[in-house]
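Consider the single chain below, provided in structure tokens and representing the form predicted on its own.
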């Protein structure tokens, strides 16, 4: 029995799932581009948070608004909006992270024609004395924007319930990662990636139930006694192509952890269910592992990666960066240096949202694994 088929169908057609959900529920779907989007507030408002990853369609309209050196995530998302492929959305949320996302927000607001638009300007430095107060104020403003834009009133009870649901999702995803780390052959990378792509667009209540059922089943799968190939940690921003996992695994590697915004950075860090819910949300976003657009210490991201490599008993690291992603590019030299200092081999590869250089990636992966 294929326990991942349910998630694979949704990940193959996320738009179809969202459109069907909207028709059945009569509720609203709100798009977003980043794991710093406070999904709990959207869930509490009765909306479906929908992660925009881009459909991979040819760029026809977006190049009239964006420079060609913007990453494929930004250009692809705007292209889908201008071409009408995101017409089912009520609007979109833009946490201010990189320069391209910030400028996309302005272009989207003026040209995409949606009713709802929200910017979330979170603090960049998360290790200052005033960061918690500022983060809480930002979330309170976003809550007011959601209430006004979607015509709802979000009570503390509703927000607490949404936090509980999203915590269930995060806990199950964490368990899936733990199962993969213990027995990499039990969950292949492309299957886990399909689960994640589905998780980014599914109704969170349905998702929480489905993930808990999947974890229960996978815990009964006996460990594979066959020797495992080289254990790898992947690091980068966005990886929406399951082909990459297939290439890595076909080359003899097994992915045992990742540092992706559509991976571990999405689920790490639970929200405290006691006390004020907005303050609890603020603490979660202050304490979760940072992305390159945030600052929590000069070496925080590099140390996190080192810790995960050691915890996962990994043999090496593959950096996968979207082409033209400057924030990750800026972090790469010092992170690689920290790995080199600990004698941990690494490989860096730039990709687009469509894997046009699969042959090159396969050759480099095979060479890297042979080196290991």
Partner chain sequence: MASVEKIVDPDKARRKIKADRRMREIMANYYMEAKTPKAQRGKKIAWITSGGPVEPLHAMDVIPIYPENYGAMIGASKMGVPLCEKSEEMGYARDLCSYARADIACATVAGGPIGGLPEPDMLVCCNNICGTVLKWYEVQARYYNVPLFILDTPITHTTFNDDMRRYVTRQSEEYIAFLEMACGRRFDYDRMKTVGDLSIRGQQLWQEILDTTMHKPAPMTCFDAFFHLAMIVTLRGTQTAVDYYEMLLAEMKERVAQGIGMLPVEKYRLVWDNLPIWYRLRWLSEKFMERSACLVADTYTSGWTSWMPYVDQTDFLGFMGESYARIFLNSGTDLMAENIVRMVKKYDAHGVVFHSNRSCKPYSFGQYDIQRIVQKKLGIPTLMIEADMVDERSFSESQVETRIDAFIEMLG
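Positions refer to the first chain, counted from 1. No experiment lies behind these values; they were computed from the predicted model shown.
Not on display, but discussed next: the form predicted together with the partner chain.
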- Message: I'd like to check something about residue 269: if you look in the predicted bound form, is any of its heavy atoms closer than or equal to 4.5 Å to a heavy atom of the partner chain?
- Response: no
- Distance check, residue 26 to the partner chain in the predicted bound form, heavy atom within 4.5 Å: no
- Does residue 153 make contact with the partner chain in the predicted bound form, using a 4.5 Å heavy atom cut-off? no
- Message: Given that the partner chain is not shown alongside this chain, does residue 212 nevertheless sit within 4.5 Å of it in the predicted bound form, heavy atom to heavy atom?
- Response: no
- Task: Tell me, please, which stretch of 273 to 281, 191 to 199, 106 to 114, 178 to 186 lies within 4.5 angstroms of the partner chain in the predicted bound form when heavy atoms are compared?
- Result: 106 to 114
- Query: Considering 119, 243, 161, 249, which brings a non-hydrogen atom within 4.5 Å of the partner chain in the predicted bound form?
  - Reply: 119
- the partner chain: the contacting residue among 165, 218, 83, 293 in the predicted bound form [heavy atom, 4.5 Å]: 293
- Can you name the residues of 321 to 336 that have a non-hydrogen atom within 4.5 angstroms of the partner chain in the predicted bound form? 321, 323, 324, 325, 326, 327, 329, 330, 331, 332, 333, 334
